[in-house]
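A single chain comes next, written as structure tokens; it is the form predicted on its own.
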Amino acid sequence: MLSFAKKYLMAGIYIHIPFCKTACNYCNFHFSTSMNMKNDFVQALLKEIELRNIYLGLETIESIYFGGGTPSLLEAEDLKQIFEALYKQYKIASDAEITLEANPDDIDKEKLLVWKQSGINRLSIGTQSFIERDLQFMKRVHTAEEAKKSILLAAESGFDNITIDLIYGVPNQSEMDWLSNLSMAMDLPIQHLSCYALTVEEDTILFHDIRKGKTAAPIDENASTHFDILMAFAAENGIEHYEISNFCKPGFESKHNTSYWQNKAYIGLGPSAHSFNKISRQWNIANNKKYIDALNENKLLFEEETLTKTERLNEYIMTGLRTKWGIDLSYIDEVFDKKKELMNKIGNEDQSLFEWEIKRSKKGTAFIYKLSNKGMHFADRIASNLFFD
């Protein structure tokens, strides 16, 4: 049997770029709409890369992900400095997946050339919808036509690994609207699709607008129906559903996001970014000025949580059930010695109560437990039922 220690040696780097032109009404990520501190932030980021170069030990980096915020606001010189620092401090695989999130309105031929020359080989384009009414509701600054053109331009510029985001369950978004969104996406040269239900997070513009009666709240039943449409559409069009919210053409799973679900180590750089070294979690302070000021003094501002063995097992159950790979009983037996207990938990569950089932498929001599399409509607509840105390 292949040692799981070898299987999980690769690691990832996440870089949080905390700036946006405007605020989308649903977003609760850490960002600022002022660019005044951007140059100072980049210098602080370079310092953090240097100070935390031993966090991942000697593990090889298989993915780098620029998230935000809006990483497409970075200038060519910013990227040049960041990449130079990364390659100096970390061992990065020659075939590493390097993703940059970009808004459609930021994409032009010049920027695409800069990104490609810098080593970025995967683009995540924040489309959200191809319907103008949805975009206006979400307070997106790009149009549906700009979204289509940006994707086509990226493909013409040589990017052959493009993913887009779409949001469903938007108020007044009909079933036909959602199906139209999916059809338009598949007509474009993309290889990956991430789809998320619109959620109302506290302290977002959407949260306050709903409380004030300025806008309608999303309806859970509509989102559930849209999710069923999404899964059926993917199956009918040969698109692999490899994680609850993620779909791809064969061979185009996101290496970076998959590392989260497979409990690989990763380091998060930038304000609010999270890190995981398989033993503990860290999260940086979510304040641009404090982040910059601390690093100017060669200090790191973060909180840390050491995970118990039981907590690590529960996280594996929670993340594994979200994916096509499911939870591997060989891994649970080797690392946690809880195979029999987990099988008993699964066997004792009242499946009809939660309207879910677990599929079993042989993988060598092991069993992989997965959620059915029906079970994916209740993934969090199912996982919590299988947690250990």
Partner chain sequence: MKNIRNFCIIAHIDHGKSTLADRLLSTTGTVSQREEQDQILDDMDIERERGITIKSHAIQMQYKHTDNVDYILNLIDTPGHVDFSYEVSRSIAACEGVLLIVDASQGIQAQTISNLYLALENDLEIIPVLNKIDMPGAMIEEVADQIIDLIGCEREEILEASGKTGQGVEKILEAVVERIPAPKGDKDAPLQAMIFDSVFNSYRGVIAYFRIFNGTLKKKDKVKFFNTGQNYFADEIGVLELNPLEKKELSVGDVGYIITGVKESKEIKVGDTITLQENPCEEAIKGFEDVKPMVFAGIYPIDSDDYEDLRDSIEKLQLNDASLVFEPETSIALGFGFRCGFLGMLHLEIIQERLEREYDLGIIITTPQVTYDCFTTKGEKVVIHNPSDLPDPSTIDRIEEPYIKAQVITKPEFIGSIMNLCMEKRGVLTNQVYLSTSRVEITFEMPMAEIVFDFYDKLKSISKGYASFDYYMTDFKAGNLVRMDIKLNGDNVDAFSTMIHRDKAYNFGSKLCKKLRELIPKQQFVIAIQAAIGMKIIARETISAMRKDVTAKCYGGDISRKRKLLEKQKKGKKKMRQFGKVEVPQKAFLAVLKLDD
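Fair warning: this is a prediction, and the values are worked out from it, not measured in the lab. Numbering follows the first chain given and starts at 1.
Below, we refer to the form predicted together with its partner chain, which is not included among the displayed structures.
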In the model of the complex, which of 132-140, 150-158, 293-301, 190-198 comes within 4.5 Å of its partner chain (heavy atoms)? 190-198
With the partner left out here, check for me: in the model of the complex, does some heavy atom of Lys255 sit within 4.5 Å of its partner chain? no
Using the partner position in the model of the complex, report whether Leu307 sits within 4.5 Å of its partner chain, counting heavy atoms only. yes
Trp178 within 4.5 Å of its partner chain in the model of the complex, heavy atoms: no
Would you check, heavy atoms only and a 4.5 Å threshold, whether Glu110 touches its partner chain in the model of the complex? no
Please determine whether each residue of Lys80, Glu84 and Asn121 possesses a non-hydrogen atom within 4.5 angstroms of its partner chain in the model of the complex. no
Taking its partner chain in the model of the complex as the reference, which of Met184, Ile244, Met231, Ile210 has a non-hydrogen atom within 4.5 Å? Ile244
Which residues in 291-315 have a heavy atom within 4.5 Å of its partner chain in the model of the complex? Glu305, Leu307, Glu311, Asn314, Glu315
